[in-house]
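Below you'll find only one chain, the form predicted on its own, shown as structure tokens.
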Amino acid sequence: MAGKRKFELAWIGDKEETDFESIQISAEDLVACQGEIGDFKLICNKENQPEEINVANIIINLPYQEEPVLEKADSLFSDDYDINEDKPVIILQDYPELSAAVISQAGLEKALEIKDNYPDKEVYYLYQAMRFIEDNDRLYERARESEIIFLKFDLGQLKIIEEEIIHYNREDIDLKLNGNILAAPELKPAKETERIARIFNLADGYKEYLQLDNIYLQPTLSGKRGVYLLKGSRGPTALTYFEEELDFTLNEVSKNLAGVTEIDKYDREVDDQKCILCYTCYRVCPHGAIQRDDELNSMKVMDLACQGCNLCLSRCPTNAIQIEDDYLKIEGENEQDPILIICENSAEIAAEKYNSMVGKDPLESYQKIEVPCVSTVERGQIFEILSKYSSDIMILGCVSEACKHLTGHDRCQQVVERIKEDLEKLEIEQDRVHYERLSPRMAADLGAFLADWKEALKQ
């Protein structure tokens, strides 16, 4: 296989059938990733793989690790299980934690399979919550008609005795069940997940999976453009809607192949004379947009990967990363109008929704600065605005669940708190600078909030 060949898609882990020119790479063989969306370079160490593989898009599709919840129980997912004809069969779901909806489906199918093969056998189904997706409701009705016994339990109502006897105690029911147990396993990330996260510079997510619980990164987007997460890379919930999420991801790959443009319009340059290669910018970037430039012996910002959060600027210890001078340019000329610094992913979207609802722009009577993330706001910039304008400043950031840049809302709040401390020392009114959070869905709240704020400023 020629080392210079470029693929449209690389699968890290399991490979699905697609029409793309793709290649499969095991997680164990991957050593490094360089480049950005459309032009990734994967470094491998396997003899029958090229040492360098050029790809446009990457899907990380690692399997789950199954960890038994009971030592003497068979896995609910296993086709190889023993049935003792003298004992009942016990399907155990949601122990010790609630299972994904797809596990309810697997449990119902297994219970019906056993009942079909052993019509006279008692089958008990223990669960905390029955999740209904696709045909689960039909399976549930069939199971009840087949006289499968469903026992719902809450925490404290079920105990395991010597790994093979289940004590079920609920209200007036007290049962000790000793039988063939098929239990839903606990699903955990693949052993290579942590190393893959380091290779792609991805943030750790829920229980060490790669997907953070963030609405902007759903369903399969990672923080790094062109890198997608499926199945055991993303978490147990990814099992439930795998086909839909696969279709979404492949559609995103198709759009990328048709052309990719920069997300943020401002260029960020690294001064190679100031850069000390401390890798701080590389570590803090939530989008994997920083890498080393071997020719200049400094770090560099990749334009297509950059999503404009500016964490690299704010954390660089030598101020080696710079952005264009007019970045925080105020739209408006009236020094008396209040100034809004708004996140384009929350307040800006909410304002557009408000305008479409009532036919009025809630931001029209304000001087406005749009930023890709409020984490870009610096103390020095705020004091420069305060020195030029007599207006109050309101910074509108995201709620934590809606922050596209993951931690920008927290950083901005810390910056505002420090600004208020500085204003107090200078004996300047602290309330000249305000900070609030909202989501892009809070259109009505935005209109009402700004009206109240402006009215308060008049008093």
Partner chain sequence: MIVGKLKDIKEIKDSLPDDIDSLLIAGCGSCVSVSLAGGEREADSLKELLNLYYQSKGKSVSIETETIKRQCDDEFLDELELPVARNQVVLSIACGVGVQHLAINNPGKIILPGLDTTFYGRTSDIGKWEEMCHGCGKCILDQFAGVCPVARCSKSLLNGPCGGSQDGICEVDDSIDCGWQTIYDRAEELGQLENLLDFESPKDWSTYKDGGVRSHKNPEFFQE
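Remember, it's a predicted structure, so these values are computed and weren't measured experimentally. Positions refer to the first chain, counted from 1. Whichever C-alpha set is largest while still superposing within 1.5 Å between the two forms counts as the rigid core.
One more form of this protein should be noted, the form predicted in complex with its partner chain, which is absent from this view; the next part is about it.
J.: Though its partner chain is not shown, can you say which of D293, E378, E147, E194 has a heavy atom within 4.5 Å of it in the model of the complex?
T.: The residue from D293, E378, E147, E194 that makes the contact is E378.
J.: Answer with one of E262, E122, E113, E384: the residue that has a non-hydrogen atom within 4.5 Å of its partner chain in the model of the complex.
T.: Among E262, E122, E113, E384, a heavy atom within 4.5 Å of its partner chain in the model of the complex occurs only for E384.
J.: Tell me, yes or no, whether L70 is in contact with its partner chain in the model of the complex, where a contact means a heavy atom of each within 4.5 Å.
T.: Output for L70 is no: heavy atoms all beyond 4.5 Å of its partner chain.
J.: Is there a heavy atom of R283 lying 4.5 Å or less from a heavy atom of its partner chain in the model of the complex?
T.: R283 belongs to the contact set for its partner chain.
J.: I'd like to know if R315 sits close to its partner chain in the model of the complex, meaning any non-hydrogen atom pair within 4.5 angstroms.
T.: Yes, R315 is a contact residue.
J.: Indicate whether its partner chain has at least one heavy atom within 4.5 Å of a heavy atom of C278 in the model of the complex.
T.: C278: yes, in contact with its partner chain in the model of the complex.
J.: Please identify, from 73 to 81, 270 to 278, 174 to 182, 363 to 371, the stretch that has a heavy atom within 4.5 Å of its partner chain in the model of the complex.
T.: Comparing against its partner chain in the model of the complex, the contact stretch is 270 to 278.
J.: Does anything in 420 to 449 come within 4.5 Å of its partner chain in the model of the complex by heavy atoms, and if so which residues, in order?
T.: If the 4.5 Å heavy-atom criterion is applied to its partner chain in the model of the complex, 420 to 449 yields D422, L423, K425, L426, I428.
J.: Rigid core aligned, does the Cα position of Q430 differ by 2 Å or more between this form and the one not shown?
T.: Shift of 2 Å or more: yes.
J.: Does V415 move appreciably between this form and the one not shown, meaning a CA displacement of 2 Å or more on the superposed rigid core?
T.: Indeed, V415 is displaced by 2 Å or more.
J.: Kindly check if the Cα atom of I393 is displaced 2 angstroms or more between this form and the one not shown relative to the superposed rigid core.
T.: Moves: yes, 2 Å or greater.
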